Each structure stands twice: as C-alpha cells, then as structure tokens.
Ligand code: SAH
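Given as structure tokens, the chain that follows is alone and in the form predicted on its own.
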C-alpha cells in the first residue's frame, strides 16, 4: 500500500472511531483500537464501500460482521483494565472483534466452528501484522481449556444459557460478556465470577446470530 493510500485508510479509520465515540462513550485506548484497525480488511469486496459505516454487514457462510457500535458495546461489557492479560472469544467470525481486543489485551484466544471463516480471519490478522491472536477451529461451546483460566470471555453469538464449561474456564473475578436470548429479544449480559458465585447484570438489547453445535468445514 502506498503512503498516500495508507494516510487515506488512517483517516477513514479515525473518522469511524470518532463516529463510534460520539454514540458510545469509551476511553482513549479503545478509541485508538478502532482508529488503528482497518475494518475494510474484514469486509467482503462487494461491501468495501460500506466498511466504514456503523452497520453490520454480511460476510461468507451466512454470517455477519457486527456493527462497530456493537463491537464497542461488547468490548466495554468486558470492563478491560490494565491487569487483564487474556481473553477468550467464542465465535471469531470475520475476526474484527478479536482484532480490536488484540490492541487492548496481551493474549487473545478465539474459537470458530466454521473453518472457512477462521481461515479468512487468520489471513486478515496476518495482513495487519497482528501476532497476539491465537485462533482455533472447534465448537466454541467447549472453550479452549489449554490456556484457561481466562481473565475475560466474550461470546460473539447468542445463547439461551452460558455453557458451564465456559464459566469453569473463567478466572475468579473474571468477566464474561454474552448476548443472552430472552424471549424474542437478545440482551448483552455481563457475568462476573466471584468466590460466592456468579453476579449477573443486564446491559442493553442487541442482535447476534445464534450459537450452533459442532463444527462445519
């Protein structure tokens, strides 16, 4: 990419970060994450012209890349602080959410059940020079025991109930954020694991594709 094109991309990313921060209030670290990750890389060619808008967009395998606003809200629900070292994402999808997290947390682990999606996401990470994302092809409801416990866990697909396996892999005082299906609605919900049990807090409505069992090649 030429220096001129690089400047244009940087300007577009910063404008996107400005638009997000005008609606969702967050700190400079998250602002810089949005300003430094080129969303266009994660969007199909036919939708490149919409990459810097605040809209969810279709990707391959009948999946979607979330609205940047939703990515911001899910990230905020994790309550990331300086002492957070690891995060597990269930549902890598396009890889955009994981890329944002990679700018905030030292180690990002992401699991995707649809192999073609995961392969595309890994290409995007490589293209952007992101080296702290570890990606796995598996049923995300199993989590990723090898590197547990995780300080934070994020579900990028909706569930009726959090699998017990994932709560087991969450560190004490850790935070899990997920879109929970409640009747006909989905609500971003925060789960905090304490010595005395799990504290639950409902945040706001959202819309995600539902989690599915097994893997797909």
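Residue numbers count along the first chain shown, from 1. Treat the numbers as computed from the prediction; the structure is a model and nothing was measured.
Although not depicted, the form predicted in complex with this ligand is the subject of the following passage.
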Self-check item: Sole residue of 178, 175, 166, 65 within 4.5 Å of this ligand in the model of the complex, by heavy atom
Solution: 65
Quiz prompt | this ligand: the contacting residue among 9, 198, 209, 24 in the model of the complex [heavy atom, 4.5 Å] | solution = 209
Exercise. Please name which of the stretches 47-55, 26-34, 155-163, 182-190 has residues with heavy atoms lying within 4.5 Å of this ligand in the model of the complex.
Key: 155-163
Self-check item: Any non-hydrogen atom of residue 86 within 4.5 angstroms of this ligand in the model of the complex
Solution: no
Self-check item: Contact test in the model of the complex: residue 117 vs this ligand, heavy atoms, 4.5 Å
Solution: yes
Quiz prompt | this ligand contact at residue 72 in the model of the complex, heavy atom, 4.5 Å | solution = no
Quiz item: Even though this ligand is not shown here, does residue 141 get within 4.5 Å of it in the model of the complex, heavy atoms only?
Solution: yes
Practice problem: Give, in sequence order, every residue of 73-97 that has a heavy atom within 4.5 Å of this ligand in the model of the complex, or say none if there are no such residues. | Solution: 89, 90, 91, 92, 93, 94, 95, 96, 97
